[in-house]
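Just one chain is shown here, as structure tokens, and it is the form predicted alone.
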């Protein structure tokens, strides 16, 4: 875990109530998609956790949705503002778990942590299929970024305003992707349905309210088949068979 002050380079809307935050970084601790950072905001006691969407030399990118007072305050910050950020948090996806072909399933702002995973899998020569689901076309994010990595990208919207109409499970049934392992991140009910539907092994990226973000307070503890686990420290990525829904 590292604590640093980062400067906002860009902070702009990219979809309905969804923002893209780009921070100047000094090569933060980051290994795999699914890992996250904790951002401190003036006037708020607890830090806010955000998955890392992109990292390159000198910058990191976070995608977040404005859902409460904290993220609303974050969306009001302008380039040049400084943020106190903890990096090097969490256990991310395991790209080695996939033999030759992977399915990535994202819902809403669950899509961002799948992007660095997709990039890593493609770099290793593995075939990647991506299914992303949103409520409507106005909420779609990262479609072009995923399509730049793999041609096998399927979009689904609940209202049918873009891509296939329905949920990600409907899209998977329609396109029938071939894969030996899957990775998913998004709303809990979506991930449960995906895990029930898919019979191969897979990994799930969970979201929980967090205090410290480093495993000390145990505020994000959950029951798993392996006993009590902390989402921030032992996760947020877990094997699908370990989750007690």
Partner chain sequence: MVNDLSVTLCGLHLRNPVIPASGTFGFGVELSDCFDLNRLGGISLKGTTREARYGNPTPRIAEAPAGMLNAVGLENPGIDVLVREKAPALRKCYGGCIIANISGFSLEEYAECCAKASDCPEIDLIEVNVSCPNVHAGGMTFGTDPHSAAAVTRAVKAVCRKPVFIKLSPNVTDIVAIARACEDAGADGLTLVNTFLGMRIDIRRRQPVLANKTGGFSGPAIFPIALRMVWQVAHACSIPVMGCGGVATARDVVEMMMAGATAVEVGAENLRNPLACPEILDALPELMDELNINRLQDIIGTV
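Positions refer to the first chain, counted from 1. Given the structure is predicted, the values throughout are model-derived calculations rather than measurements.
The form predicted in complex with the partner chain exists for this protein as well; it is not shown, and the discussion that follows is about that form.
In the predicted complex, the partner chain lies farther than 4.5 Å from every heavy atom of residue 199. Residue contact with the partner chain in the predicted complex: residue 228 places a heavy atom within 4.5 Å of it. The closest non-hydrogen atom of residue 189 lies beyond 4.5 Å of the partner chain in the predicted complex. The partner chain is not shown here, and in the predicted complex it never comes within 4.5 Å of any heavy atom of residue 60. Looking at 190 to 198, 176 to 184, 214 to 222, 49 to 57, the stretch with residues near the partner chain in the predicted complex, meaning non-hydrogen atoms within 4.5 angstroms, turns out to be 214 to 222. Highlighted residues 122, 203 and 239: none comes within 4.5 Å of the partner chain in the predicted complex, counting any heavy atom.
Within 4.5 angstroms of the partner chain in the predicted complex, the stretch 1 to 21 places a non-hydrogen atom from each of 1, 3, taken in sequence order.
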